[in-house]
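So this first bit is one chain, no partners, the form predicted on its own, shown in structure tokens.
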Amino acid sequence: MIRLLSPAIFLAVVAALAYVPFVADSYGVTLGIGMLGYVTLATAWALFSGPTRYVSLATVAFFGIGAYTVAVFSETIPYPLLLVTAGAIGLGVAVVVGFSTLRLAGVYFVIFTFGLAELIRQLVTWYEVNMAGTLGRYIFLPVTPEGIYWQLLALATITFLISWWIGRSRIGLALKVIGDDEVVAAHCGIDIARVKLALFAISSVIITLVGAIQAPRWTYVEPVIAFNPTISFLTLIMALLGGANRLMGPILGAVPLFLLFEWLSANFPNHYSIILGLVFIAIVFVLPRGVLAFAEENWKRWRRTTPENLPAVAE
């Protein structure tokens, strides 16, 4: 009964979210677009970084690639093919980067991914100024905010299903072993390079598509907008808050933090970055394994100290 009920609840939630644009005003749809975007980004980030524990700050690099692909080719390629093109470019960059960097680990991987995002931003800026003769691009596409919302909802649903499937597959088990100890994983016969590259590529393509889908809402795109490093840090904070190695973790982290940051940016625009840094530090110190792990640990501790369990604990 529970197995049948879970898919029914999932479908009901997706259907309810799909109905939101029919009852919400323009601000509500805009808020939904931002929330779904970060839910998808956090879930896609956790696909690779959650089980492997490779902290990536390259989120904004692929997000910006998707946005700029739409900006550059919006007048020459039909919109559906435009998304395919953005995904293909993101996949190509992910494969090249994966082959050259996934042997790094720890702080070296973090530094490289942060540098990669900045390198791509500078390359795009140089190309725009020296080759195109402009710093930004206008996007005129017949895509409504409601259309962007539904596309992001579809992508978020697909990303969640991919995460669910990977968590129950052999590749998910292989990722957990790699995250615990790569030496043990190699002795178990796991092709570490292939598994990491496959998950990194899937995660990167999804992130690229988020940028491509959201690009038309800006109308004007320039490198500072598309490659804003705040996107990488927000995605990381959201995934860590909920629990990057849990299925529902990124969602539970992305939704409340997005609403909080939306309120802070509107009411404290001059102190937003400071508050963002303090929240990041607080999460790392107070909830290093995420909300779900914290709640689970405290539930087990409470269960052990309940009166009916005290005799068993004493024994």
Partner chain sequence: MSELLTINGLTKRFGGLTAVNAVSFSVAQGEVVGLLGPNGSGKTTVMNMISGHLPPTGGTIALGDQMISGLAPNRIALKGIGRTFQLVRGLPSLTVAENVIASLAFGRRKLWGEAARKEALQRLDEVGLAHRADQSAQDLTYIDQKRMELARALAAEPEVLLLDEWLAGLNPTELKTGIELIRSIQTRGVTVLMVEHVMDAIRALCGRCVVMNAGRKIADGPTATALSDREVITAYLGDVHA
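Residue numbers count along the first chain shown, from 1. Source: prediction; values computed, not measured.
One more form of this protein exists, namely the form predicted in complex with its partner chain; it is left out here, but the text below deals with it.
This chain appears without its partner; in the predicted complex, the one residue of A201, I190, I225, I162 with a heavy atom within 4.5 Å of its partner chain is I190.
Proximity to its partner chain in the predicted complex, defined as a heavy atom within 4.5 Å, holds among I89, L83, L173, V143 only for L173. Just one listed stretch, out of 215-223, 71-79, 202-210, 165-173, contacts its partner chain in the predicted complex at the 4.5 Å heavy atom level, and that stretch is 165-173. Under a 4.5 angstroms non-hydrogen atom cutoff, its partner chain in the predicted complex has V184 among its neighbouring residues. Within 4.5 Å of some heavy atom of its partner chain in the predicted complex lies at least one heavy atom of V177.
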